[in-house]
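We begin with a single chain expressed as C-alpha cells, specifically the form predicted alone.
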C-alpha cells in the first residue's frame, strides 16, 4: 500500500512550496490536488507547479468536474500538463463534484453515469488526436488536435453505479465516505472490473478520507468541525450503503445549514468522528490506514486538514509510515 498526501486549491502557495520539497525528501507516492470549486487557485495551474517542482513524486488531480468546464478545455489543459511531465507521472481524476458546490452554481448533476462515461470516452479520443463528432451532454463537431497522449483517468465516485462504472472503464477510482462504506464500495468496483473487457488491466483503488492528527482537545475540536462538513455533504445513498442511520446525521446536517459549521460541530459525537474520518496520533493513523488494505485498497491519502500544526502532522505520519 502506498502513502500519498492530499491538498486542495484553497491551499496557500507557501504550503504548496513546502509540500513539493517534502514530497521529494520523503518519497511520498503521490500528491493529489483536490478542486475546491471557485476557490483560491486554478486546479491546472496548481498541478503544473507540482509537476515542475518535483521529479520523482506522482501528481494527480483529484478531482475536477466536466460539469464546470468544457470537455475540450479539460482535454487541452491536461495535455499541456503531460507535456510538462516527461516521466508520465500525471493522473486525471474526474467526478461530478460536491453537491453543495454545484448547488451554489445552480448546477444539477442529472444522469451522472452518462456524464462520466461520455467524458471518459471523449477525453481519450481527444488525447489520441482523433477527429471527434459527438452529440449529447457534450457536443463536438469534427473536433481534433495533434495530441498523442495516454493519460490515466481515475473516477471520484460514491454511488454504487458510478463505482461499478469506474471498475469497468477507468484506470482507477478515488473513494471517500464513511469507513463502513469502504468495504462495500471496493466490492462494487471489483464487480465492475470483472465485467470489463480487460479484467487484467492495471487498476488502482485510492481511499481519501479526512485525516486529523490529534494531540489534545483542540485537535479533537478540529476533527468535529471537519466531520460536520463531511456529514452535511454526504449523499443519502452513501449513508444507505454504509448502513448508517440517517437520524444520526440529520441533526448535524440541519445545524450546519441553520447555524454554521462551528455550532454544528458540538453535535458531532465520537462515533461519527470514527465513522467519517481517520484520526488519532501518528501511529494510530498509520494502523487505521493499513487496516484498509484488506479491502484491496492500493493507496491512501493523508489530509487535509492534517492537524493543528499541519507541517508536523504530515512529517509525523510520514515518519510513522517509514
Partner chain sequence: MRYGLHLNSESKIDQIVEKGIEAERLGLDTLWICDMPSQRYGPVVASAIASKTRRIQIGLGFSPYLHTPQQIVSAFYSLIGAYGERFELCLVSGDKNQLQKVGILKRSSKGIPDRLIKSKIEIERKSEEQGLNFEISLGAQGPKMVRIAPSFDGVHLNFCSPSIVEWAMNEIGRIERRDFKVGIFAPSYVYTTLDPDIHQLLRRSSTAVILGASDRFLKMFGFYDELHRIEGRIDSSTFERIPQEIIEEFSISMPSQKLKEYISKIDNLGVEGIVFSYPQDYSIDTIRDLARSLKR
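Positions refer to the first chain, counted from 1. Keep in mind the model is a prediction, meaning the values are calculated, not measured.
This next part talks about the form predicted in complex with the partner chain, which is not shown.
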So which of 182, 229, 241, 140 gets a non-hydrogen atom within 4.5 Å of the partner chain in the predicted bound form?
140
Counting non-hydrogen atoms within 4.5 angstroms of the partner chain in the predicted bound form, say which of 26, 55, 283, 39 makes the cut.
39
I'd like to know if residue 257 sits close to the partner chain in the predicted bound form, meaning any non-hydrogen atom pair within 4.5 angstroms.
no
How about residue 262: is it within 4.5 Å of the partner chain in the predicted bound form, going by heavy atoms?
no
Even though the partner chain is not shown here, does residue 72 get within 4.5 Å of it in the predicted bound form, heavy atoms only?
yes
With a cut-off of 4.5 Å between heavy atoms, is residue 84 one of the residues that contacts the partner chain in the predicted bound form?
yes
Would you say all of 44, 48 and 68 touch the partner chain in the predicted bound form, counting a heavy atom within 4.5 Å as a touch?
yes
Heavy atoms within 4.5 Å of the partner chain in the predicted bound form: which stretch among 204-212, 143-151, 185-193, 245-253?
143-151
Looking at the partner chain in the predicted bound form, which residues in 3-25 have at least one heavy atom within 4.5 Å of it?
13
